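Shown here is one chain on its own, the form predicted on its own, set out as structure tokens.
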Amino acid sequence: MIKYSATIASGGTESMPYLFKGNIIESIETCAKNGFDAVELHLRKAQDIDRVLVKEICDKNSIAVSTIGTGMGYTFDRLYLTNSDESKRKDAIERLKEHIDLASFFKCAVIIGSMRGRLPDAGETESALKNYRESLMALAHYAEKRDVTLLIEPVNRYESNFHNTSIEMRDFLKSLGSSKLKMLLDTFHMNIEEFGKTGMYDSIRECREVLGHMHFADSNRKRPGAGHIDFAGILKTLNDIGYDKYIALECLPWPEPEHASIDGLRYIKSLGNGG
């Protein structure tokens, strides 16, 4: 059975697509009250939270931690895996290892999206890809020891300049050969990149073997139902492939957080299996 998660963040800017920002404890309690099965924690650093207290609050409210988002490490600290500066690249790896340790405590997965980085101008591309591949393999090896899954996210062309489509990411992950490297598909990015004959539904089917997590946001990055994405068709496709993991609402908190979270979850659940 598909489970639903809400994005909550320890901080962030107004433009970041997290439903709740700021007080983690209050956010967890609100999400539990409003019917979510889990929360997705977006943290700049693993040390941003008191993990024991967060676990106690989650257990008290019968809600899980589904995933840990790491994008603020790129946004605020410019840490990323394609960096040609070895020292800074090692800092990015260490930051992600700390998130992996936290995920091991919560028995959840870690997302690597923005912290993948970008590719430099021609002439340095191959070196950057080599750094990226080696960094991911080192992280996968670390994650394997802690039984943590890493979710690598294809991001649209306006935010990243490589591995923008699901098929590109699928083929890359398969080439690495680690069972701990899975894919996160985000409907906002897919709406930009997955078009033509291989639209969103076919992409989901073709990536079923490596699909480990979903983000739902509508075409305008607001809550599902506020734009033009066919979530009924996406849910039907997910059910057709037997997807039984989390769908997290990673969207702008418009017009305000609780309204967006309640309406978004209600809308998705109203679609049933999309059939």
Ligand code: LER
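Residue numbers run from 1 along the displayed sequence. What you are looking at is a predicted structure, and each value in this text was computed from that prediction instead of being measured.
Keep in mind that the form predicted in complex with this ligand is not shown, yet the notes after this line are about it.
Quiz item: Looking at S178, S114, N131, T165, which is the one with a non-hydrogen atom within 4.5 Å of this ligand in the model of the complex?
Solution: Comparing distances to this ligand in the model of the complex, the residue within 4.5 Å is S114.
Quiz item: Within 4.5 Å of this ligand in the model of the complex, heavy atoms considered, which of K236, K245, R44, R221?
Solution: Spelling it out, the residue with a heavy atom inside the cut-off is R221.
Quiz item: Can you pick the stretch from 213-221, 227-235, 50-58, 25-33 whose heavy atoms fall within 4.5 Å of this ligand in the model of the complex?
Solution: Stretch 213-221 is the one.
Quiz item: Even though this ligand is not shown here, does E159 get within 4.5 Å of it in the model of the complex, heavy atoms only?
Solution: Residue-level check for E159: yes, a contact with this ligand.
Quiz item: Can any non-hydrogen atom of H99 be found within 4.5 angstroms of this ligand in the model of the complex?
Solution: No, no contact at 4.5 Å.
Quiz item: Using 4.5 Å between non-hydrogen atoms, is E153 touching this ligand in the model of the complex?
Solution: Looking in the model of the complex, residue contacts with this ligand include E153, since a heavy atom lies within 4.5 Å.
Practice problem: Using a 4.5 Å heavy atom cut-off, state whether D186 contacts this ligand in the model of the complex. | Solution: Yes, contact at 4.5 Å.
Exercise. Check each residue of 49-83 against this ligand in the model of the complex and list those with a heavy atom within 4.5 Å, in sequence order.
Key: If the 4.5 Å heavy-atom criterion is applied to this ligand in the model of the complex, 49-83 yields only G71.
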